[in-house]
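What follows is one chain in structure tokens, specifically the form predicted alone.
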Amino acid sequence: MLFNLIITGVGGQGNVLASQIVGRTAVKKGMRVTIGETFGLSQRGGPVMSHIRLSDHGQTGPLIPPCGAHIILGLEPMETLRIVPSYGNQHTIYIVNSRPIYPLNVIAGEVVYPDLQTIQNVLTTISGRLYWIEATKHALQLGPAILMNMIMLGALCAIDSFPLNRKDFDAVLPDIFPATKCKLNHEALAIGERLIQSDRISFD
């Protein structure tokens, strides 16, 4: 078994923490894990991408080969679209948080952020499955916006082909978070798992 996962987003969304949680969960399950992080601008709002490779045999290189992602977990729509030509293929599953974060050049009026429907259309054209979920909206209803990354992990573990499930993630949360924050993070995982069922857009 070799599974290639990419988590992509922008600084401040909890991308790196999410990749560490996946890695620790996989190790606890007896898998071999390689994680490679790439960063854009060294400030909040710059692009961040994590390559996570899970295996049950030998060690792998830290970067996923071109067009080799099994799942792309997009914490931000445009950042998801940006990496599609490099890592996506016709079998890649996309799980995308619907809330955009506008970069400075968009805020300044120098460039235009793509219409969200256009991003959806592109992803559905090039893939077999797209899950487009309102993770940030549900995070804010639960508590702080940063819980979005846990909701996205809950959605991830609801995918049948992904080798970890929500109970696996639940088991490592006490090792990562203080007891006072575990309950919220457990709830966020459960919300993500439900959203993958109710907010699914499928083009099989």
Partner chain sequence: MMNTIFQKNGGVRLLLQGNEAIARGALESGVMFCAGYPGNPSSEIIETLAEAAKTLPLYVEWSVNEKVAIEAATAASFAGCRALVSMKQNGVNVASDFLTNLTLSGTHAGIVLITCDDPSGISSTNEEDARWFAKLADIPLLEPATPQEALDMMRMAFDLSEQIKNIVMFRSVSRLSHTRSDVVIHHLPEISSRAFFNIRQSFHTFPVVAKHKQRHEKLNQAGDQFEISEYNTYTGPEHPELIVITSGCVYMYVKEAIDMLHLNENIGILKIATTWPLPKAFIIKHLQRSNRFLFVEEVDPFLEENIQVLYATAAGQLGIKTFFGKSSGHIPFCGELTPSIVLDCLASLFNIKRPEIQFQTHALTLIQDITPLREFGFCPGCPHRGSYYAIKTALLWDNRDGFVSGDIGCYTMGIWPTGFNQVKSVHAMGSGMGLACGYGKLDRFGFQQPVITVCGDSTFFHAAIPALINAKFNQADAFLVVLDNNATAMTGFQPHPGTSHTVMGNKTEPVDIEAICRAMNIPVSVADPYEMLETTKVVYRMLQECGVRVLILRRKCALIQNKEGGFPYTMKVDIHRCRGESCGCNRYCNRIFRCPGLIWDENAKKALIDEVICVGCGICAEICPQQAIIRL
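Numbering follows the first chain given and starts at 1. Computed from a predicted structure; not experimentally measured.
Separately, the form predicted together with its partner chain exists; it is not shown, and the next lines address it.
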Arg32: touches its partner chain in the predicted bound form, heavy atom cutoff 4.5 angstroms: yes
Using 4.5 Å between non-hydrogen atoms, is Gln59 touching its partner chain in the predicted bound form? yes
Is Arg129 close enough to its partner chain in the predicted bound form to count, meaning some heavy atom within 4.5 Å? no
Would Gly36 count as touching its partner chain in the predicted bound form under a 4.5 Å heavy atom rule? yes
Under the 4.5 Å heavy atom criterion, name the residues of 46-83 that approach its partner chain in the predicted bound form, in sequence order. Gly46, Pro47, Arg53, Gln59, Thr60, Gly61, Pro62, Leu63, Ile64, Pro65, Pro66, Cys67, Glu76, Met78, Glu79, Leu81, Arg82
